[in-house]
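The form predicted alone is given below as one chain in structure tokens.
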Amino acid sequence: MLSNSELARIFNEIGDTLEILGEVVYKAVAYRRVADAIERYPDDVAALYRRGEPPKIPGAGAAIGAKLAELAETGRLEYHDRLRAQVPVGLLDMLRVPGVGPRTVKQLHDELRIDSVEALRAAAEGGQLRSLKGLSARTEENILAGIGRIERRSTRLLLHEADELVGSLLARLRNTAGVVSIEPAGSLRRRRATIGDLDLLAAVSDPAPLIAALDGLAEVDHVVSAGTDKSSIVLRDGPQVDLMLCPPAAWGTHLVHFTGRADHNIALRGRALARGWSLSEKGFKVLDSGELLLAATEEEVYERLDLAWIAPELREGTGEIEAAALGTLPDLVTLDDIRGDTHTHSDWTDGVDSIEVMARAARDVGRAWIVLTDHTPSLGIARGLAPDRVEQQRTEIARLNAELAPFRILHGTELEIRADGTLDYPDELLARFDLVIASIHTGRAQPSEQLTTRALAAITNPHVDVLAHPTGRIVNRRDPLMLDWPRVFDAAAKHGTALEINGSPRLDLDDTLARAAAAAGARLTVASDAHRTEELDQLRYAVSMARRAWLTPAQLLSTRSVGELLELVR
């Protein structure tokens, strides 16, 4: 039985194949739209079909619905097999290269007989692509860079994936005999956007049972090494997991050592040496006497070095130790500080759940308000709302607000910034929304100056309150836009337009740009970009990026009450 993601992959592949074969674009778009709806569907689509309860998938009419039923019920789709037979497998692999779409693949194959990523690399290196209409030497450079990025991406997990994997491991290891504490360490505890090897640290009274439990997990492919205080395994379909063990009395120094980036730890060791100690994960060794001083908590470690405790997200060697010494560390935002979500969607456009279901779910997880920001007409694949539908949605929101009070649904929109720099709705309509977020989805291949001009057109519009996912990246899948960020940040600060930290797998803005934006005086916001109730939890990833960016609650729109938010955007 195929999972939702596998069903969606096949429907996306059908769309790509149709476009490569030169079919009319709307057919390809229809399959991609259904693929997106399947991937976001809250229940197991194949299981529903096999139980005789076929779900209503947005965009799946009679013809596509019949194909979905065949695929879900049998695990195969004759139409997909027939299409695949007409297109070399290597052409679909080429679509993984950033900036190479189905039309380009068709052109490359038709005119140069390129049929694989390796053939594409060779043609780009040989300068052959620039002979084709619409392609240039710059195109060749971008393609070679994109192929290189694909090769590098394959080894790192997205933060969301690492959380899920580690959560599953810890749930089964935590109750092992002898375990006092067990937590993630390394880059996962620092909440980096991507994770390589997974580091776990455990305080134990007896290491043997925990090492045996880890090495005996069903998903272990092989054991790299196993000792008395460490075990390294490789998962069948995942990364290497390194488990370090320590006595509870040395938990503090071990956790500090295995969490911080090298620059952070080196600076700590330098401060220890200046005080007559050698610091390692085992503890503070007194240089004169050789005595080992243990620390059971992280707070003890930092206090002994005359430092305030430093949050794991800041332990990157970017000024946090100096700030801790001066007492100027920021009071970082936490998930508990967040009162609302400035970016959510419903089934009125490309979401899965109704407005009411989204609102009730947000209320149940402790939010006081959400902004509903469904799409505008130019984003055709998302079924953006025409003005008359906006008015109908406004009426529905008013009805729900009467039922759900004091919880509040704010009427917003995710406004498309068109390729020519104009905005998708006129000002008189924008003025009627509670909050407007604007974003770039199309025309991503434009030069940096043109993309910057488009972003500035939204930022400087008095009706636009937030620039959503400003770089347009999707971690491990799509590279960021290269805007003139100092100009963007300065304009945002001047016009009071907030910049979004998006908690979906975009993780956009990243922590470096978010910190720079805040330094320029710009407001920010954290948001889930949820298209279904399960994705409301993505808000915590936005908070993680905000913490890595040194942000406080006062710097974020999402920490305001409804009244404070509306007054601020007014």
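Being a predicted model, the structure only gives us computed values, none of them experimental. Counting begins at 1, following the sequence as shown.
The next section is about a form of this same protein that is not shown, the form predicted in complex with a small molecule.
Student: Choose from 306 to 314, 442 to 450, 191 to 199, 397 to 405 the stretch whose residues reach within 4.5 Å of the small molecule in the predicted complex, heavy atoms counted.
Tutor: Within 4.5 Å of the partner lies stretch 191 to 199.
Student: With the small molecule left out of view, which of 376, 259, 471, 231 would have a heavy atom within 4.5 Å of it in the predicted complex?
Tutor: None of the other options qualify; the answer is 259.
Student: From the list 187, 349, 413, 253, which entry has a heavy atom within 4.5 Å of the small molecule in the predicted complex?
Tutor: By the 4.5 Å criterion, the partner-contacting residue is 187.
Student: May I ask you to check whether residue 156 falls inside a 4.5 Å heavy atom distance of the small molecule in the predicted complex?
Tutor: So residue 156 counts as contacting the small molecule.
Student: Would residue 265 count as a contact of the small molecule in the predicted complex, using a 4.5 angstroms cut-off between non-hydrogen atoms?
Tutor: Residue 265 belongs to the contact set for the small molecule.
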